[in-house]
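Next up: just one chain, as structure tokens, the form predicted alone.
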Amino acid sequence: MKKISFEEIMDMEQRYRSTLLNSLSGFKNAHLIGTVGLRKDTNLGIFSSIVHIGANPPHLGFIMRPLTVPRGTYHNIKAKKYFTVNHVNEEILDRAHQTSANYPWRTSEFEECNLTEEYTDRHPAPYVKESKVKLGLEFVEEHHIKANGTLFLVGKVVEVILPEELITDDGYFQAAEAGSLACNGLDAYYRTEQIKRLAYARPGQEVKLVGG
């Protein structure tokens, strides 16, 4: 087994260190965040840091890199207060990954990456039409991570759009059936397959399957 100290990590070549540390946390969800600015310029970026915050009321959060350069996603969210989270599927994977390219300020990744903006009556930020699972959020707060200058943004879920058959009778969303992809690091993507669903764990009781 290889042991790597903090000092050894910090001595690594920058790109090697970034690749290693970005992938060590394991599989994460791949999402596209869509926003629109005050000048109606749209922005789309791929993120793997979106996490569940709570269900009552429903909130999600995600990490934004330090504001050392203009960040279209961040500035649009602060300006308009809304953003969308769109699951990445295999059909749009290459185009979704391309949104991570360093396009000029106010260039729309929707246009550059051949993805389609989609709007609803109750949500002003653009969804990705080609995505099968979409969430509309309203920005509520941000937190500065002093350790490295990143930001943690929190949004309230105000709208969910997905095929009805992907939700089971008990409210479980079947991500694998939706074709939603996972990622590891900055450039590796994976299909998902459900192994099993296990019932709520209780002390002294044998683990059971959901419905079993």
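The numbering used is simple: start at 1 and walk along the sequence shown. The model shown is predicted, which means the values in this text are computed figures rather than measured ones.
Although it is not shown, the form predicted together with a further copy of the same chain is what the next lines describe.
Interface membership of Gly185, defined by any non-hydrogen atom within 4.5 Å of a further copy of the same chain in the model of the complex, is confirmed. In the model of the complex, none of the heavy atoms of Thr68 sits within 4.5 Å of a heavy atom of a further copy of the same chain. At a distance threshold of 4.5 angstroms between non-hydrogen atoms, Gly37 is out of contact with a further copy of the same chain in the model of the complex. Taking non-hydrogen atoms only, Leu135 approaches a further copy of the same chain to within 4.5 angstroms in the model of the complex. Residues of 97 to 127 that come within 4.5 Å of a further copy of the same chain in the model of the complex, judged by any heavy atom, are His97, Gln98, Ser100, Ala101, Asn102, Tyr103, Thr120 in sequence order.
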